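Heads up, the chain below is alone and in the form predicted alone; it's given as structure tokens.
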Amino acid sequence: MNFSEIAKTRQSCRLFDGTKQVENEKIDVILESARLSPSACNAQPYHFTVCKGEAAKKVAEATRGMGMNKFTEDVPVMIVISEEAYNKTAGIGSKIKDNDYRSIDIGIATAYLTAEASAQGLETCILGWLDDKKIRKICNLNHPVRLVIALGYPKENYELREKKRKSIDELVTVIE
């Protein structure tokens, strides 16, 4: 599958097959793609914690506050992305330019991670609704949790939805 095909078919899955486990080899390939993603000054100000089994269930529960993300009950793997410190160069650049590169870098790494998951025949859902304190405790983390990625195989009756996006004219301006 080439990148354009991934961009057209990748969607937030909310119908996971909880009986089918994700192979460790596929998780390794997905994490390697995220590791290779670009980041400001190559700082990579993030950490990935892969949760399976009971840990995945606990993290999933910590994403279901106020009735949200009920579908996570069937997710076999939860990847917790926590924010780490900058390296010195990125930290200085962030202060000078008043721009938080960490959140940008986490977004880029997440895009690489989810695209590679699609290439591996897996589905993902990026979760920002989460209980930071609970997940930090579950995963023994000292830094803020920024995102959780639900990862697994979809159920057999899972269908591709029509993408609803702005037109290219609404999104792009060309200046010469």
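Computed from a predicted structure; not experimentally measured. Start at 1 with the first residue shown and count on from there.
Quick note: we don't show the form predicted in complex with a small molecule, though the next part is all about it.
Heavy atoms within 4.5 Å of the small molecule in the predicted bound form are found in one stretch of 123-131, 49-57, 29-37, 137-145, which is 123-131. At a distance threshold of 4.5 angstroms between non-hydrogen atoms, Tyr86 is out of contact with the small molecule in the predicted bound form. With a 4.5 Å cutoff on heavy atoms, Arg14 counts as touching the small molecule in the predicted bound form. In the predicted bound form, the small molecule lies farther than 4.5 Å from every heavy atom of Tyr101. Put simply, Lys166 is far from the small molecule in the predicted bound form: not one heavy atom of it is within 4.5 Å.
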